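Quick heads-up: it's one chain on its own, the form predicted alone, in structure tokens.
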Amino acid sequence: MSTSGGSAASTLIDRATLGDRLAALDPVAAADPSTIRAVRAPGRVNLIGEHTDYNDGFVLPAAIDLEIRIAYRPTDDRRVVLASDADPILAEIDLEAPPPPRGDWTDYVTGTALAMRAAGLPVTGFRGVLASTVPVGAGLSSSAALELAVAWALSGEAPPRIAPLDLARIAQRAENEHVGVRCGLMDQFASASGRPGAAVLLDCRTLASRPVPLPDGLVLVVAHTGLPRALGASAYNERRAQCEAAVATLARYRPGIGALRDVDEALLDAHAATLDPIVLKRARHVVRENARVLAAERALGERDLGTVARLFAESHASLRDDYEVSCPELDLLVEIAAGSPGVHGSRMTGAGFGGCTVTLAEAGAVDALRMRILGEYADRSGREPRVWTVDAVAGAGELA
């Protein structure tokens, strides 16, 4: 992708091109193109609500038109063979004897197959080719998009005989149990259940959701630091364990607390001295972030853009200072965007330590914002950024 940015949709590979790639690798598909199917699954950008999903809290993601697309041909041999345009490693999986984790992208394919089987869903072999515009390690949920696209291909039918939310939970199980990342549901939910032109507020406890339309005239701008997201499984799981430690302590004072979702600032302040200082900081971020998500939903609905900008800024500061998952590059991108005309909020998005920021900006301000990032950020950080204007799109589905 060009560092000059532009619309994310302009780089997507169409169905015909994907079909041609599959035909070049698979003689059966070449002989009968009518056997070829295709599916798409979007990445996501989270507007606000970071590290709240695994605490039973609230999140506000949007599925975006940076996508993973797979052209495939269902087979009867109980084997998956999937080639990627970005990695020479081939996913070759015997569905009757799936391999153990290998530490590469094929684990997401294997994990999805295992999770579908564990849920009692039929899985079908296929031959396929994969193309992606979701940058790996950017905090835009390339893994969730891969899981959802593979789940559609494995189902052998379109759409799968399961609701999008349930399919998202199966994909989450794949990542939790096979890949080993104790992620919440947000990423898979967004990829499965996105809505065109809107973010979607998800209650991660009840799994109730509702669309939150983006204000007219405003667009989402995603800027990549040029630094791959470095919050690996161990650091991610460590923060989750710290949140669980806070819950265990606070539950001694208020029985019935099951997650930080159940904690308010008054309770946290009253028992702050009983918590390890690091655990207290983690809990404070989650408690306040949950409140910010609900406030942001209201502000977006009322087009109260001043409040939106303030909430984005508070969220980023909390992720930097209390949850400690930001980095100088993310902070610099936020600083540049927040100081640019026509911007109504900017913050890091995703798990942290690299990856991307999300900015809400007026459509007419995007070109100037992009040029400022490409110039000032590159000069001050020594890194080459990437910038996309992204649209909120529908969740995973057949590729027309």
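Being a predicted model, the structure only gives us computed values, none of them experimental. Residue positions are given as counts along the sequence shown, with the first one as 1.
There is another form of this protein, the form predicted in complex with a small molecule, and it is not shown here; the text below is about that form.
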*Check 108, 139 and 146: does every one of them have a heavy atom within 4.5 Å of the small molecule in the model of the complex?*
yes
*Residue among 290, 84, 193, 155 with a heavy atom within 4.5 Å of the small molecule in the model of the complex*: 84
*Though the small molecule is not shown, can you say which of 135, 184, 125, 164 has a heavy atom within 4.5 Å of it in the model of the complex?*
135
*Since the chain is shown here on its own, which stretch among 114 to 122, 100 to 108, 260 to 268, 322 to 330 would lie within 4.5 Å of the small molecule in the model of the complex, judged by heavy atoms?*
100 to 108
*the small molecule contact in the model of the complex: residue 356, any heavy atom under 4.5 Å*: no
*asked:* Considering non-hydrogen atoms and a 4.5 Å limit, does the small molecule approach residue 130 in the model of the complex?
replied: yes
*Is the gap between residue 373 and the small molecule in the model of the complex 4.5 Å or less for some heavy atom pair?*
no
*asked:* Quick check on residue 68: any heavy atom within 4.5 Å of the small molecule in the model of the complex?
replied: yes
